[in-house]
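In structure tokens, the next block holds one chain alone, the form predicted alone.
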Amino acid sequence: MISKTPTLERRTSALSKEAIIAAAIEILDGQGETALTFRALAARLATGSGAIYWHIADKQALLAAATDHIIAGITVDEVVAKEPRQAIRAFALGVFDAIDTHPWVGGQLSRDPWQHAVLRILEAVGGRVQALGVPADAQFNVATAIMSFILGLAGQYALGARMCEGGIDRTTALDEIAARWAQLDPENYPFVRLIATQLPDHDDREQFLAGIDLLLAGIEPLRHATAPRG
């Protein structure tokens, strides 16, 4: 009798973790997070669920691996990378664009603050904060403030993605929110009422970059405070 074990081993080894992650990203991008199941993944890869479990423990681990793959793919132009301030700005914008392209990434980043993808973001930002000459005792606060701003964006996009999955598009959602803001008590919410007219047409990318630039501008006093005096 011919044993079937070698065939099973070949099939398991042929199905790489990278192939599983790539297929998962295709499902996530095309159908959303709810559509990602091991059964759907097995069908797409023409294999059994057991072969997938050999590489990935569960759906949460798969989402974390897919998110890490996306974040790891963010690159900064070599010329820009030589200037730390511009490098932070470019990397942050890369994360923004990644979340814009893959809204499920925002959901995963906001779900688990200790996952490897978050560590990649912290390392990318923190290394450039050091290069800017921020004092050692301020580097933690500066780097985590920038990272927290980026992850705050991730949470917003995760919420927006869920709204879209429910059949509500961004324009409609913002119009409805702006209408509610406009009805607030003018004495208690004068500023909110003022910006209500700007909400529906605001540019998310422009708003995000403005926030990053404000954070970067706040680094300057820290650098000058420790700069040697001539």
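Numbering starts at 1 and follows the sequence shown. The structure presented is a predicted model; accordingly, all values stated were derived computationally and were not measured. Just so we're on the same page, rigid core means the largest C-alpha set that superposes within 1.5 Å between forms.
Heads up, the form predicted together with another copy of the chain isn't pictured, but that's what we're talking about next.
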| item | value |
| --- | --- |
| Region of this chain that lies against another copy of the chain in the model of the complex, out of 22-30, 195-203, 35-43, 51-59 [heavy atom, 4.5 Å] | 195-203 |
| Proximity of residue 73 to another copy of the chain in the model of the complex, heavy atoms at 4.5 Å | no |
| Exercise: residue 116 in contact with another copy of the chain in the model of the complex, heavy atom 4.5 Å | yes |
| Any non-hydrogen atom of residue 171 within 4.5 angstroms of another copy of the chain in the model of the complex | no |
| Residue 122: touches another copy of the chain in the model of the complex, heavy atom cutoff 4.5 angstroms | yes |
| Stretch 171-188: residues contacting another copy of the chain in the model of the complex, 4.5 Å heavy atom cut-off | 174, 177, 181, 184, 188 |
| Rigid core fit then residue 193 CA moved by 2 Å or more between the shown form and the other one | yes |
| Residue 183: Cα shift of 2 Å or greater between the shown form and the other one (core-aligned) | yes |
